[in-house]
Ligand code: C5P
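Only one chain is shown below, in structure tokens, and it's the form predicted alone.
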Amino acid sequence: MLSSVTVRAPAKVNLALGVGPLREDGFHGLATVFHAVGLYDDLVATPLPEGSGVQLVVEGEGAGEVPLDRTNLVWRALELLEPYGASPDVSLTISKGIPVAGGMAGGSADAAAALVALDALFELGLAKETLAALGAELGSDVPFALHGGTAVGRDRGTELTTAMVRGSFHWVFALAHEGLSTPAVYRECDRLRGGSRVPEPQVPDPLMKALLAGDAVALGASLTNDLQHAAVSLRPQLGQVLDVGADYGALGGIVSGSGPTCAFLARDDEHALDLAVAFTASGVCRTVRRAVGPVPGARVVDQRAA
């Protein structure tokens, strides 16, 4: 029996996010390219004496905005694993490094980390496919948080195909002063479309070729997000953030997922630093983060025997 397991899970950016029409099940069909980047949440799982119940703690920037009850995906991940042998008496501590409500799937990363950590802590021995299926029950981005790297996502984003990528890409993330509700952004997207016919989404071929070639310039020119117009409609100042990126020579800029974080592609690490300084000086965002992608999905980084 282990006394603790620590799992690290990455943030994601959608390099392409095509959103289809609203379906009868309340979801939108997606064609997206997920890209895991080096901003992380860490989760530590520790068993507790019988009868203790769940102790959920969240630390780091934005921790006060994260629920500590059953609405948290980490708690729900535990409940899904209980039939497989996970104990309900456990301490789960999340250290936040991914922006909260920033469109970078921090909650999904935490859920993926919980699935991996609890599987290891209680020696459940579940297959990756089983964890991914459970993750899909928790949220559309959870399977990718387990997968990591770069992948094409279809349906709700849960059907993943690994994308071939050469090299690494340097990113700058401009973080907003407050979050955006993902459901609200999707509703605004539907409203702006005004009942017009929406085609089924497709992954841009130029973007996939840019990834395969490791061509940052071509990748920057291929970034696309069908939710960006809606996010900017709800938060007009995001347009200013995107303009600053363009003015200072970013290879491409995009609202990350449903926003409000904006992601900018740089030529290299030095260019990323220059962009970060420019954003900090401009005052258009709360803070700036730099990261490299792709990086692995949720993985154990420390475990200790009892």
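As the structure is a computational prediction, the values presented were derived from the model and not from experiment. In case it trips you up, residue 1 is the first one in the sequence shown, and so on.
This next part talks about the form predicted in complex with ligand C5P, which is not shown.
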Practice problem: Give a yes or no for W75: in the predicted bound form, does one of its heavy atoms lie within 4.5 Å of a heavy atom belonging to ligand C5P? | Solution: no
Quiz item: Is G139 a contact residue for ligand C5P in the predicted bound form, using a 4.5 Å heavy atom cut-off?
Solution: yes
Practice problem: Flag T182 as yes or no: does it have a non-hydrogen atom within 4.5 angstroms of any non-hydrogen atom of ligand C5P in the predicted bound form? | Solution: yes
Quiz item: Is there a heavy atom of G26 lying 4.5 Å or less from a heavy atom of ligand C5P in the predicted bound form?
Solution: yes
Quiz item: Hey, with ligand C5P in the predicted bound form, do A11, Y40 and H147 all fall inside the 4.5 Å heavy atom range?
Solution: no
Quiz item: So which of 51 to 59, 237 to 245, 263 to 271, 27 to 35 is the stretch with heavy atoms within 4.5 Å of ligand C5P in the predicted bound form?
Solution: 27 to 35
Exercise. Within 4.5 Å of ligand C5P in the predicted bound form, which residues of 155 to 179 have a heavy atom? Give them in sequence order, or say none.
Key: R156
